[in-house]
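First, one chain by itself in structure tokens, the form predicted alone.
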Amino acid sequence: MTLPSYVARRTLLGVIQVPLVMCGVFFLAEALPGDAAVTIAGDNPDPAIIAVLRERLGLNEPAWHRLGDWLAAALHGDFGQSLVGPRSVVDIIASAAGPTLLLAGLTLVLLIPLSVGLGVLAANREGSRLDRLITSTTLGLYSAPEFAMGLLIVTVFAVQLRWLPPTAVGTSLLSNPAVLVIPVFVLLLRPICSLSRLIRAGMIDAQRSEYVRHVRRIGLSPTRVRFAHALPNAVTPAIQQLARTIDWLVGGVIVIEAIFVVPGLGTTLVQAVAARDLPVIQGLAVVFATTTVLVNLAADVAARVLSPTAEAGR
């Protein structure tokens, strides 16, 4: 299959997947107890007030009718208004996307070179003490839950040593970059462990492959063989993991955002679910589903382009 036809096929599949995710999220949210009218009514709800609110918000309409209206409006870029506030869904998502994208961008800028460097270093010293140290350390860190590492680092560096602020409460992420240090560090721990181990394994396999043996016989320098020929094959398996990491980051790292009180997409999703704010939940579902489709498509295309064996197969 040629690359353009492969991209067209995957794009068509993604176009089908996004509406299916939207429908699934809608009916899952409908299955939750309570609704936005109960949330707005407060702790001591009056049934008459709740009935009026439901009528005003359109919650008395059949679920399939509300879903159809929302899908029709979404096709024109209108994701509706929040049920529990005066803001539009687009405005809410746009304001929450900034902190999430900032955290994701900083994490990726550091993640890719560090993962590749550690993986290549361990592969070039296969079986040595350095290799065993890198392998055992990354395995141990990967096994630790994110929330536990986050709380531990906050306790040591923010509470006891007071070197860094513990949360982003009452400050801007851009005006006080120090609040980003601990969240970004925690976000790096697991992905860097998984990616570096994949690259290490890929480098070892690539350097033993017939393809790399052939370029060595040509007389190319070891550095060129390692980075121009072995590394592209080694990073191909890691690209899929990198795609999942990007999807995880952009989709809102709910645990990390909750620990450090970062007002990103993950925090917005938690608040919307708690308030039964269905339009916001649906809008976020579109963002997350579209991100997943695009990131995985880009990863698959990159894997086919980078892999010499895939290129030879075409």
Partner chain sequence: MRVARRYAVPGVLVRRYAVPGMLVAVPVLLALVGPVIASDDTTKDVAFVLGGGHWFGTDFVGRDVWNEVLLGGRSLVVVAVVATVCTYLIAVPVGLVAGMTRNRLLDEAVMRPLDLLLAVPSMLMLLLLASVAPGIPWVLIGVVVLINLPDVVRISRAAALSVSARPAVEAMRLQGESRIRIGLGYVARAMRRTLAADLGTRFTGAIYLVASASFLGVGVSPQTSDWAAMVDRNRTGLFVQPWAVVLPALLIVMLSIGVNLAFDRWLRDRAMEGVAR
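Since the model is a prediction, treat every value here as computed from it, not as a measurement. Residue numbers count along the first chain shown, from 1.
Although not depicted, the form predicted together with the partner chain is the subject of the following passage.
*Asks:* Identify which of Thr155, Asn124, Ser95, Ser88 has a heavy atom within 4.5 Å of the partner chain in the predicted bound form; exactly one of them does.
*Replies:* Of the candidates Thr155, Asn124, Ser95, Ser88, Thr155 is the one lying within 4.5 Å of the partner chain in the predicted bound form.
*Asks:* Would you mind picking out the stretch of 178-186, 143-151, 115-123, 102-110 that comes within 4.5 angstroms of the partner chain in the predicted bound form, counting non-hydrogen atoms?
*Replies:* Careful reading of the contacts points to 143-151.
*Asks:* Looking in the predicted bound form, any heavy atom of Trp70 within 4.5 Å of the partner chain?
*Replies:* No, Trp70 is distant from the partner.
*Asks:* Answer with yes or no whether Arg276 is in contact with the partner chain in the predicted bound form, where contact means some heavy atom within 4.5 Å.
*Replies:* Yes.
*Asks:* Does any part of Ser128 reach within 4.5 Å of the partner chain in the predicted bound form? Heavy atoms only, please.
*Replies:* Ser128: no, not in contact with the partner chain in the predicted bound form.
*Asks:* Against the partner chain in the predicted bound form, would Pro166 count as a contact residue? Criterion: heavy atoms within 4.5 Å.
*Replies:* Heavy-atom contact with the partner chain at 4.5 Å: present for Pro166.
*Asks:* Residue by residue through 271-294, tell me which have a non-hydrogen atom within 4.5 angstroms of the partner chain in the predicted bound form.
*Replies:* The stretch 271-294, when checked against the partner chain in the predicted bound form, contributes Val273, Arg276, Ile281, Ala285, Phe288, Ala289, Thr292, Val293 at the 4.5 Å heavy-atom cut-off.
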